[in-house]
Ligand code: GLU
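Have a look below at one chain only, the form predicted alone, in structure tokens format.
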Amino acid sequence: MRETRTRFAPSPTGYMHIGNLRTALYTYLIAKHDNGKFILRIEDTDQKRYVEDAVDVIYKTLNIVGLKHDEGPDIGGDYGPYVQSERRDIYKKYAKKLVELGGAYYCFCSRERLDSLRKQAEENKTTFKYDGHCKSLSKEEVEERLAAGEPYTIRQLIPETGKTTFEDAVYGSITVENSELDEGVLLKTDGLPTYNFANVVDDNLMGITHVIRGSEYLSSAPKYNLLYNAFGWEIPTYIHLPLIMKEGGRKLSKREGDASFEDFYEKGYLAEAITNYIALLGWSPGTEQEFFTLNELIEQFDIKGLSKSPAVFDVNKLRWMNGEYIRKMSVEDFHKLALPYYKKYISSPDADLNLLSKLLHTRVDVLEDIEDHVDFIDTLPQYDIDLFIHKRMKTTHDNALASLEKAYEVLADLEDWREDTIHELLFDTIKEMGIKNGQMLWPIRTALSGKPSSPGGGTDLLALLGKNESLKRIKIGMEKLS
């Protein structure tokens, strides 16, 4: 039995969208579930779409989510090069060999002639299909034109009759009439291969046993099989994945502003949560389990769990899952993740950031939410005095002022400024005044934050802001109410 070998073969077009990452994840899981090899191959033959530094984005993304490849451009392997633009001579060799085997032919049609055919198809409202003009050229004429240095492409030769059937692990057996297939270009005039040809050659030479890609490539699979058969190569297992859609039934698209992995990651979504969520976009474990580590996914992933139906990307579900991941981590680990955000939004040297992490740990779903929770720490927002009024707390302007005045008096004399000592002092004061807890704590919380909601209550905020800033803000509140 052959070793399972899968490949993730992204194009360096600038970013890693969610569909790409899901393909990478499933490709990795299939290999690792069978103790096989996961190969990274860079498909850069479409130079028009090539984006500088995009390969680094691919490496960085795979590293962040923990999908470690066994072979690839950066680490090598027995089947390199692993960058398609470095394999130009290989494709040329196999394209010419395919001509000799009767599976392809030279085409000398000019761009003008092909454009004319496309325009004609458009006017007739039919799908463009090459008319086979160069298919009947004699061997002598071909050799003569090649010797003259005429530009050429190499096109796939499709049988004019009969059918081609291929098996897909998800969609089952699919049969296509050969007459419906276009004799597409395999090798372009610049000597570089098209996507379809390069994939077949590379997958065979690299020993790929399972080809995982989106269902949009289903229609191309019969042409792949014809190539495999023409060469006499073993056909790999095809696994076509359902599309990922968004609400409303449209495909996810960067052009329409749909977020890439990098976008989500920079907003403070955790790599583990993103990976967990996209694993469930088109695959079911057959149980009610929703949370998986990468090792658990490797253990449980089965091709039989893949769906034919499009998956719907729900950012609210991802957000919920991310929040659950944050709450399951320790406060210490959350603090490490939150620190860069604190440094970005907080400059006050007196703010107790460790306490802040304890307050925010259960309140944050995504790390970028931190900004909304801490925007009062450096600067007290402008607020209306009616914010002091709270029906449930039974606060009024008058009793809020009385509470702030008393709080200022007792807190000014407190030397050991810690949350527990503050709490003890204030609750003793509340008891002494004979008022409800909220009649003291709500005015303090309002004076300190200037917001209708904040992380923690009055005693938490006093400890968070420090003595000097807290007394300063309480005094401002007293002045507003006077």
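Not measured: the values here are computed from a predicted model. Note that residue numbering begins at 1 and tracks the sequence as displayed.
Form predicted together with ligand GLU: not shown, discussed below.
Visitor: With a cut-off of 4.5 Å between heavy atoms, is Ser11 one of the residues that contacts ligand GLU in the model of the complex?
Guide: Looking in the model of the complex, residue contacts with ligand GLU include Ser11, since a heavy atom lies within 4.5 Å.
Visitor: My question is simply whether Tyr79 lines the interface with ligand GLU in the model of the complex - judged by any non-hydrogen atom within 4.5 Å.
Guide: No, Tyr79 sits far enough from ligand GLU in the model of the complex that none of its heavy atoms falls within 4.5 Å.
Visitor: Can you check whether Tyr341 is within 4.5 Å of ligand GLU in the model of the complex, heavy atom basis?
Guide: It does not: once ligand GLU is placed as it appears in the model of the complex, Tyr341 has no heavy atom within 4.5 Å of it.
Visitor: According to a 4.5 angstroms non-hydrogen atom cut-off, is Leu186 in contact with ligand GLU in the model of the complex?
Guide: Output for Leu186 is no: heavy atoms all beyond 4.5 Å of ligand GLU.
Visitor: Looking in the model of the complex, is ligand GLU within 4.5 Å of a heavy atom from each of Arg7, Glu43 and Tyr217?
Guide: Yes, all three are in contact.
Visitor: From the list Tyr195, Tyr152, Tyr238, Phe376, which entry has a heavy atom within 4.5 Å of ligand GLU in the model of the complex?
Guide: The option sitting close enough to the partner is Tyr195.
Visitor: Of the residues Arg363, His390, Arg88, Arg213, which one places a heavy atom within 4.5 Å of ligand GLU in the model of the complex?
Guide: Exactly one listed residue reaches within 4.5 Å, namely Arg213.
Visitor: Given a 4.5 Å cut-off on heavy atoms, tell me which of 346-354, 205-213, 315-323, 390-398 is the interface stretch with ligand GLU in the model of the complex.
Guide: Heavy atoms within 4.5 Å of ligand GLU in the model of the complex occur in 205-213.
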